[in-house]
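Next up: just one chain, as C-alpha cells, the form predicted on its own.
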Amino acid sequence: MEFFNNHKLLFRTAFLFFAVLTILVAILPALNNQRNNQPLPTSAPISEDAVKGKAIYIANGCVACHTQQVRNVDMDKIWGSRPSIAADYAAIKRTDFWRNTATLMGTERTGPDLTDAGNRQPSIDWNLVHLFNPRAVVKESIMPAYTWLFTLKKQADKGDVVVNVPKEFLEGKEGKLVATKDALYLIAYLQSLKQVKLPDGVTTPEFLYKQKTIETKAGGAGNEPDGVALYTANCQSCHQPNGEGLPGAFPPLKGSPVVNGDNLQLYVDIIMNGYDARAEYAVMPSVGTNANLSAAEITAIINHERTSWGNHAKKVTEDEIKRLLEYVKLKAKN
C-alpha cells in the first residue's frame, strides 16, 4: 500500500491518467473530425465586421435564446432547406489561443433559429428596427430591446446609418436614431448566417417525421397554396399583419397603388428582385428569389394582398404570373 502513502506518486499517476484520457477522449477525436470534415466548397469566409459582431452576439448572451442548428426533423424545415451537417461548422475558428467560441449552436429556441437568418431576413433596415425594439415589428416578441446599441442625435452626421423607427417607440424624444458601430457589427454577423447549398451530385438529407400539413385554402380550388400562410412567412415581418407597414420604415400594402394597380410586371419584379425606389422607406430585399417562391406561391401571395385590408383588386392567375416570371428573370440576367 506504499503507493497510496506516497502523495507524489499518487498525484503523478492521477495526472498521467488524466492526460492520457484527455488525449484519447478529446484531442484525438477532435483532430480526426478536422481531417474528416471540411467547409463546403461554396461557403464564404466570415468578414472582419461579422467577426466583431460575433463577439457582440456572445457578449449579449444571444446564444441563450437562439439556436444555430437545423435538426433532422420536419418541424425544423422552416429554418433551412436541409438538416445541418458537420461541414456547416467546419470553418469556425477559435477566437484566440485561450478562447474557443465553439459553434454557438445553442440549446434553446426561446427565439427563432438563426441558421439561415441572412437569407430569411436580409434587410439591414428591418434588422436594425428589430434590434432597437423588437415590438416595433413583431408585437408579440419577448426579445429585449437593445437600445444601448443606438444613439439619438439632433442631426445625423455624414456616414451615419439612420434607423427609421415609428415615433411612438422613441418615447417622445426628437431627433435621428443612429446605429452604433456595434449594432452594425452585430447585424453583419446575423446577415452572414446563411445555409450553404450542398455541392452538385451530393444527396440532400431528408427531414424525418414529416408532418401532415394543409396546403389548400378553406373553400379554395384544387391545390392552391395558402396565401395567408405564405404572406405570414415571407412578408408580414415588414408589412405587418394588417398590411399597414411601419411609418417611415416599410410601406403599406393596404391601399397601395402597386398592389391594386394593373402593372403586374412591376408587382412581380418587386417580389422577385426587391425594390429601392422610394427614399422614405427601407430597401426591400429580393424576397421571392431568396425564398425560391414558385409561380403558384407568388400568385397566392398577390391574390391575398389584392383582396385583403380593404383592397378589392382583380385576382391574378398562375399562368399570368408564370409568363411574367419568365420575363422578369430574363430581365434580371440582362
Partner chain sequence: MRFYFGNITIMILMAAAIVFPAQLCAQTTIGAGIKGSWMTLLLLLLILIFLLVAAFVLLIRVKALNSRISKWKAGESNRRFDKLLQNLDNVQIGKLLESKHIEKITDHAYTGPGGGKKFIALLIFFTALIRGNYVYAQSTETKVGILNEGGVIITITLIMIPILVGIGLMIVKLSGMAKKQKLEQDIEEAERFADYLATINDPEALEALKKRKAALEFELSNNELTGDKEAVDQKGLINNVNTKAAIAFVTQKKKALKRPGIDLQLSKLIIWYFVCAAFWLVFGTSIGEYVGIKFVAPDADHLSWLSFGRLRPVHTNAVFWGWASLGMLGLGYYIVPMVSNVPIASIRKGWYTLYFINAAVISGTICLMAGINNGGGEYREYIWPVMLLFAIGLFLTLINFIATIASRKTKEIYISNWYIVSAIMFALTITAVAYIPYWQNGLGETIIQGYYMHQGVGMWFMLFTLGIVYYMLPQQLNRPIYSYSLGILAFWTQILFYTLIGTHHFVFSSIPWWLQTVAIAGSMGMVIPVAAGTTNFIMTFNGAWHKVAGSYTLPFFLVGTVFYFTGSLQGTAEAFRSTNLIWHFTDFTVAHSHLTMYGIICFFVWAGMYAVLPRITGREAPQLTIGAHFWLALIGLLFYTVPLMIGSTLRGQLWMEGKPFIETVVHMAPYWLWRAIGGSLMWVSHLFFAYNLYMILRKAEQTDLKEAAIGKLNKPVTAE
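Everything quoted here is computed from the prediction, not taken from an experiment. Take the two forms, superpose them, and find the largest set of C-alpha atoms that agree within 1.5 Å; that set is the rigid core. Positions refer to the first chain, counted from 1.
Missing here is the form predicted together with the partner chain; even so, the following discussion is about that form.
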Exercise. Can you say which of 226-234, 193-201, 256-264, 242-250 gets within 4.5 Å of the partner chain in the predicted complex, counting heavy atoms only?
Worked result: 226-234
For this session: Answer for N33 alone: is it within 4.5 Å of the partner chain in the predicted complex, judged on heavy atom distances?
Result: yes
Exercise. T67 near the partner chain in the predicted complex, any heavy atom under 4.5 Å?
Worked result: yes
Exercise. Does at least one non-hydrogen atom of N60 fall within 4.5 angstroms of the partner chain in the predicted complex?
Worked result: yes
Exercise. Would T180 sit within 4.5 Å of the partner chain in the predicted complex, counting heavy atoms only?
Worked result: no
For this session: For the heavy atom contacts within 4.5 Å of the partner chain in the predicted complex, list the residues of 6-30 involved, in sequence order.
Result: N6, H7, L10, F11, T13, A14, F15, F17, F18, L21, T22, V25, A26, I27, P29, A30
For this session: Please check if P45 moves between the shown form and the other one, taking a CA shift of 2 Å or more relative to the superposed core as movement.
Result: no
Exercise. So with the core overlaid, does the Cα of G61 end up 2 Å or more away between the shown form and the other one?
Worked result: no
